[in-house]
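Presented below, as structure tokens, is a lone chain in the form predicted on its own.
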């Protein structure tokens, strides 16, 4: 289960989070998905690229025409869908984690630096960030991939670029708000450097806002990566990525709906669980609820 450092504030936050039924349900679902993503390659029945040419479009086992050797059925090339979903869980979540980690580190560093710039440079940088934030994330990612070319590495770069302004904005605004507080002014008068102010005084107070932003960025990144894969701009066949699996199954939605429904359901449950957990974290870390 989720463990917080032993302190009064964190214990109160954990109590609020635990009382949020939606957040707890989301946490359980997310933990199950993460476990399946970790152990997926070891428990998957077959190699995700293996083709059973005599078992094409076999429905799941709950269908009368199902085959117990293929629990969730097969696709149009005779590949086991369960194996592809398990391998796809690891690939999709690895990509999401990588993208969010790079974007968060880059955005936090840029935002922290911007907070200590002079007014002119800070305003210029923030206007650029606002310009990027004015576009829907997926639309901006598609435009970037269209410029630099399709492919999984370029899709990762595009989603990173899309997410960075969010972290820059929230980091800069949070630090600027904290720098105006009396305790920071007192630390400045005591001779504290900008680095010490940031690490010892400001950072602990902006961590909750960054934690919430980090949580919701996972769902944004997962959806954008899957959407780019679905459009043929991200992961390419035969990679077992959820968005690519959706794209490959479009032609069979009418007479083999499980080929598209199952990867779509995997994306839906993952994004839903992340958002439920994010909502719970946001409510638990809201100072107005911790009074």
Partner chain sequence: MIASILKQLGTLLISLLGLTVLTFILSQQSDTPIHPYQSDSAFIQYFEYIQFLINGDWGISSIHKRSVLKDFLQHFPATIELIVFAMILAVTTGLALGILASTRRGGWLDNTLMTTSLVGYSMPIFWWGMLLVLLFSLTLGWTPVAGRISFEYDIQPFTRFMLIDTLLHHNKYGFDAFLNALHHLILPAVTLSTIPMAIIARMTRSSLLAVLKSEYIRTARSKGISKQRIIWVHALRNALQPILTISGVQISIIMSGVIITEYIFAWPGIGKWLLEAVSRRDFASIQGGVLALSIIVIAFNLVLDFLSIYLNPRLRRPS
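Computed from a predicted structure; not experimentally measured. Residue numbers count along the first chain shown, from 1.
There is also a form predicted in complex with its partner chain; it is not shown, and the following applies to it.
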item	value
4.5 Å heavy atom contact with its partner chain in the predicted bound form for all of 31, 37 and 72	no
105, 195, 146, 185 - the one with a heavy atom within 4.5 Å of its partner chain in the predicted bound form	146
Residue (of 135, 116, 157, 203) lying close to its partner chain in the predicted bound form, criterion heavy atoms within 4.5 Å	135
Touches its partner chain in the predicted bound form: residue 51 (any heavy atom, 4.5 Å)	no
4.5 Å heavy atom contact, residue 142 and its partner chain in the predicted bound form	yes
Contact label in the predicted bound form: residue 254 to its partner chain, heavy atom within 4.5 Å	yes
Residue contact check: residue 264 to its partner chain in the predicted bound form, 4.5 Å heavy atom	yes
Per-stretch contact check against its partner chain in the predicted bound form, the hit in 93-101, 167-175, 147-155, 72-80 (non-hydrogen atom, 4.5 angstroms)	147-155
Neighbours of its partner chain in the predicted bound form among 213-232 [non-hydrogen atom within 4.5 angstroms]	223, 226, 227, 230, 231
